[in-house]
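The chain below stands alone, shown as structure tokens; this is the form predicted alone.
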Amino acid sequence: MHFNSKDIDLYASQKDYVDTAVVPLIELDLTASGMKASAGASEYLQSLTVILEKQFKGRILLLPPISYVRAADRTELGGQLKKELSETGFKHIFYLTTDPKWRSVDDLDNVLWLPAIPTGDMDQSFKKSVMEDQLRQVLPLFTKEWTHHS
């Protein structure tokens, strides 16, 4: 389910089954030298999370991307997210990011770092293939968490 009014109505009626939140974390680099890479990483991560949501529709709620500047304190932001999300009743929370700095935030569980793959100039069929390959790498991490903590 997506974070929109239609899906939130559905989520409210099926809350017992939707036990997982997915939070995309996107670093904004608005410098002249970093903007294109930042936009590409954002595009890649958002495409991947949409495919992930389709795969597990009815089990996960895909939250809107959390965007932050390069100088942001990830530990502080992570703590705020964890506190807010702990009050929601989700059994599982996954944070997906292409920003390697999140790997050093010890306070957050299930931070999945993925290398940004520039998909902007790929033709659609190749892009789809790349995204499916990436999904195959992420899926076991979700199923392991669900199996281990259910």
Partner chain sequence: MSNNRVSRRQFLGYTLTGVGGFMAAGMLMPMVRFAVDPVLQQKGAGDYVLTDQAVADITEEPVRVDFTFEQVDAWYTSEVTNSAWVYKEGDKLVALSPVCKHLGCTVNWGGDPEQPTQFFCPCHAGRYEKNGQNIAGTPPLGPLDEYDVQEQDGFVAIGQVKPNTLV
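Predicted, not measured: the structure shown is a model, and the values here were computed from it. Positions refer to the first chain, counted from 1.
Same protein, other form: the form predicted in complex with the partner chain, not shown, and the subject of what follows.
The candidate site formed by Asp29, Pro64 and Ser67 is entirely out of contact with the partner chain in the model of the complex, as no residue has a non-hydrogen atom within 4.5 angstroms of it. In the model of the complex, none of the heavy atoms of Ser33 sits within 4.5 Å of a heavy atom of the partner chain.
By the criterion of a heavy atom within 4.5 Å, His92 is excluded from the residues contacting the partner chain in the model of the complex. Taking the partner from the other structure, the partner chain in the model of the complex has no heavy atom within 4.5 Å of any heavy atom of Asp133. Although the partner is absent here, Trp146 sits close enough that one of its heavy atoms falls within 4.5 Å of the partner chain in the model of the complex. Note on the interface: of 77-85, 34-42, 103-111, 47-55, the segment with non-hydrogen atoms within 4.5 angstroms of the partner chain in the model of the complex is 47-55.
In the model of the complex, Gln124, Lys128, Glu132 are the residues of 118-132 with at least one heavy atom within 4.5 Å of the partner chain, listed from first to last.
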